[in-house]
Ligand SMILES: Cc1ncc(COP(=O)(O)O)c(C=O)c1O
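Before any questions on how it binds or moves, here is one chain, the form predicted alone, in structure tokens.
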Amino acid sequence: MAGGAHGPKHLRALTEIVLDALEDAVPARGGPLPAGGPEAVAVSTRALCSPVLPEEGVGPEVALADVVRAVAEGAADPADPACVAHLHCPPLAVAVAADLAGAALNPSMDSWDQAPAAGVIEELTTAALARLVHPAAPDPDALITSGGTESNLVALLLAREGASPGALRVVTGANAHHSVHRAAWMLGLPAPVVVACRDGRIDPAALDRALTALAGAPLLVVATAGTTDEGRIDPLPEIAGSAARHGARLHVDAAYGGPLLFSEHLAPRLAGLERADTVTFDLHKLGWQPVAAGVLAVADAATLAPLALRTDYLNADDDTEAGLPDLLGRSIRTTRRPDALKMAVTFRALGRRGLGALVEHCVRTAHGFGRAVDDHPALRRRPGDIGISTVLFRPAAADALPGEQGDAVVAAVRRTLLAEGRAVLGRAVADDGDGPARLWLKATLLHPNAATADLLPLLDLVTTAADRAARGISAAEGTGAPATERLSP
């Protein structure tokens, strides 16, 4: 066992096996991703891990060495500077170590007698985050969630429970995360009303027209502070004003952009966030926590009342009256991990200034990377500002071909680099200035230590792969052969 008097001794020996496997995997993998694509990864993984359920066990040391080796050698490693496709951060070592303690002690955050101290740590952590998001609110609060999707679901749930009369109508931008639409569907709400965006941000005039058309219905406006594809921040002050004029609640999905609040320099970009009723905040993005590390902040703790639940074995009335804290109403889940533990350790280790410095580093690096793209003769950055730490760009070789063929080059570049294990770049469809929507390569820069110089090799990898892809597509067009497959962006 990991816990108890002898647990740490057993865990220490097994942890050495894990650390050795992780260390050995880096040269064995040879890059940010294993080469060979899905089939090669599946073959090598099955060779080490099959059968998963043998008739006779192989023992903890062998099983641990084999499975950790397989998952580490076959990993997409966000600590590699060339792994920049997603909002997928390299976790801080201090946070991972804290997560290990949480796993070993295994407190379940649904009753005090399963998590006496962990419940206090969660209370301290949520109070600090609630005050960060809503500094002037008289009684803010926050919940720990599994991530942005759960936070958005709970925000819509709370808005639905507070709506009357009639069904809640959700109004959001075309830039909203898919989880907003999924949450409305799961909660039996009408499909969200989608308003137009300009340059990846909600158009306040379009929002105002949509709210006017829905007059008389209970309304929830959902804005975004850090879109997944472009890192755009909606015009929060204007949106908050429009929501107030129409009597609408306001939820802001700040899963990506919320940690800008740690930085005194960057926090003004989120002006207006404090006016939201609920805010999604996610620390396994620009917070460098192991998954999961989501937060839902509320301006008024009373908003959480609909989550209250009584069940005798977890929070009996007489236990609560006797002073045992009630944890069950702190989540839509029952059993849940002590995810606040790693957050608390990280917060105490770095402080707000230390966290802010890491966020600022990522933002600076993105701007430096953007300038490098601008200076590269074979690449073109998407026109406009850089969104938080996201840079969209495409090779000139793609621009030299007609629309769909050019997009096919971009898609082929990404898949080629994935198959070769050289780079993990994302993809996004976005307007080309005032022109048509195009497919772009996406670099989402969340590495708290990587400098712009560490990212420059990506540019040469992209241009080389693009030239090969463009030649292949042009040759296929000339011979009438099928062009390179173009996946839907």
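Position 1 is the first residue in the sequence shown; the rest follow in order. Computed from a predicted structure; not experimentally measured.
The same protein has a further form, the form predicted together with this ligand, not shown here; the description that follows concerns it.
Enquirer: At 4.5 Å between heavy atoms, only one of the stretches 317 to 325, 377 to 385, 234 to 242, 249 to 257 reaches this ligand in the predicted complex; which one is it?
Expert: So the stretch in question is 249 to 257.
Enquirer: Is the gap between K285 and this ligand in the predicted complex 4.5 Å or less for some heavy atom pair?
Expert: Contact check for K285: yes, within 4.5 Å of this ligand in the predicted complex.
Enquirer: Quick one: does L87 come within 4.5 Å of this ligand in the predicted complex, counting heavy atoms only?
Expert: Yes, L87 sits close enough to this ligand in the predicted complex that at least one of its heavy atoms falls within 4.5 Å.
Enquirer: Are any of the heavy atoms in Y313 no more than 4.5 Å from a heavy atom of this ligand in the predicted complex?
Expert: Close contact exists here: in the predicted complex, Y313 approaches this ligand to within 4.5 Å, heavy atoms only.
Enquirer: Taking heavy atoms only, is S389 within 4.5 angstroms of this ligand in the predicted complex?
Expert: Close contact is absent here: in the predicted complex, S389 is far from this ligand, nothing within 4.5 Å, heavy atoms only.
Enquirer: Among G148, G173, P338, P395, which has any heavy atom within 4.5 Å of this ligand in the predicted complex?
Expert: Residue within 4.5 Å of the partner: G148.
Enquirer: Taking this ligand in the predicted complex as the reference, which of S111, T228, T126, T303 has a non-hydrogen atom within 4.5 Å?
Expert: Looking at the other structure, the residue within range turns out to be T228.
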